[in-house]
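Only one chain is included here, represented as structure tokens and corresponding to the form predicted on its own.
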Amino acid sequence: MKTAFLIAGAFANVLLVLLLAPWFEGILRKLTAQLQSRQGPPLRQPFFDLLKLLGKEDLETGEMPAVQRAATYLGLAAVLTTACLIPLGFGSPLNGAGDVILLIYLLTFCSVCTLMAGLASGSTFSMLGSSREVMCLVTLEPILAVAILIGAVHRGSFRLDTVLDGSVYASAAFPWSGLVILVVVVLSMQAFLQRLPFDIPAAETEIMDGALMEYSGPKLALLKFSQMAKLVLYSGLFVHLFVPWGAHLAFPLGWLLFWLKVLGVVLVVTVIAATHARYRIDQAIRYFAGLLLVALVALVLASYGY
């Protein structure tokens, strides 16, 4: 019976991501258009885009089609597996199947799959996008890892249900390390989601969607969906780490409050993306390096109990 509940919970989380990721993307597009004095597409437009791509012919034009296929499917698998580990209004369905180390690995692996996809295509634009992806990966992904590890240090556990429960604010008096890493993650959120001003690896007006330049049809649909799903997963992770209040309310109040907070994060990300110009890659790297240094300081503070 317990196994059946775990499977049902994992399936529910995957279904939520499948349904809500395109819808949140639609909200982002619509709000961006409104802020720029445009009408914008309907909220359901991302669903139409994905269905249209899934119905197209699956062309393979890259130099390493086997790697292209692997990167596409592995990226989607990593995203959906992450959805089974992060609590999305309920407890973590597969809490006993992994810990925060596995969660960090899966979040990083999603970016690695995009990198693999770009390198496999052989296009000049894709290679340029992949090189930018590498530079961002090296300096950016450790920030999220440090944020999660600080929670693990404060709680003295790597268990998902323990760390993803407002662990950075484990005590009544907010620890200094928690406050510092909160500021760092807030300043990094746009980059985690590859939204303006940090959509540098894609940069449609510069390198024509970067690593995804040579993709079309179903593979492009899966890659686009993986990016949409990140908006839900990273926002949900932020809520559980830093704004967990109300998570223990009875259903459906706790569940509704969680998704309202996720929606709030999405709206903030959208407003910032619609009102800021893109950074250059050198500016972004210096920015990420500075934030990583501050995050490491916060980790040292956490190790001393501050």
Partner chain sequence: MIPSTPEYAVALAMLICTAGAAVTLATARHRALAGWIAFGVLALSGLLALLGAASVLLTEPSHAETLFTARRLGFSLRLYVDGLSAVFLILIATVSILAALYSIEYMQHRLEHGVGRYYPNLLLFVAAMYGLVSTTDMMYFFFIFWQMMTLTGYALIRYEPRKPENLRAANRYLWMMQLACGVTMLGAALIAHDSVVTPGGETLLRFDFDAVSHHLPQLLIDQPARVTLAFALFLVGFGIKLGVWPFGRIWLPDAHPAAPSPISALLSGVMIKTGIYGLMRYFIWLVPGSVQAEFPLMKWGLVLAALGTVTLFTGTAQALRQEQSKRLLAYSSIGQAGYLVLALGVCLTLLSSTQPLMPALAATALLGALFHTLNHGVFKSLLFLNAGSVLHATGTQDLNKLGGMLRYMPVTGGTALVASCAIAGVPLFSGFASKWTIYTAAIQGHAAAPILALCAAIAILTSTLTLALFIKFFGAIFLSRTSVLVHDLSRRPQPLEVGWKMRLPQVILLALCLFAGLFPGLMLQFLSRVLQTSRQGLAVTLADAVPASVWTGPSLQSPGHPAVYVPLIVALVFVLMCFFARWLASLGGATRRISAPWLCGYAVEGELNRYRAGHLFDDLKNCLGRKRPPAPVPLTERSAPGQPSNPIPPWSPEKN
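Being a predicted model, the structure only gives us computed values, none of them experimental. Numbering follows the first chain given and starts at 1.
Another form, the form predicted together with the partner chain, is not on view; read the next lines as being about it.
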Quick one: from V180, I86, L106, A191, grab the residue that has a heavy atom within 4.5 Å of the partner chain in the model of the complex.
L106
Can you tell me if S121 lies within 4.5 angstroms of the partner chain in the model of the complex, counting non-hydrogen atoms only?
yes
Going by a heavy atom distance of 4.5 Å, is G91 a contact of the partner chain in the model of the complex?
no
Check whether P252 has any heavy atom within 4.5 Å of a heavy atom of the partner chain in the model of the complex, and answer yes or no.
no
Determine whether any heavy atom of F158 comes within 4.5 Å of a heavy atom of the partner chain in the model of the complex, and answer yes or no.
yes
May I ask whether V14, A97 and V138 all come within 4.5 angstroms of the partner chain in the model of the complex, judged by heavy atoms?
yes
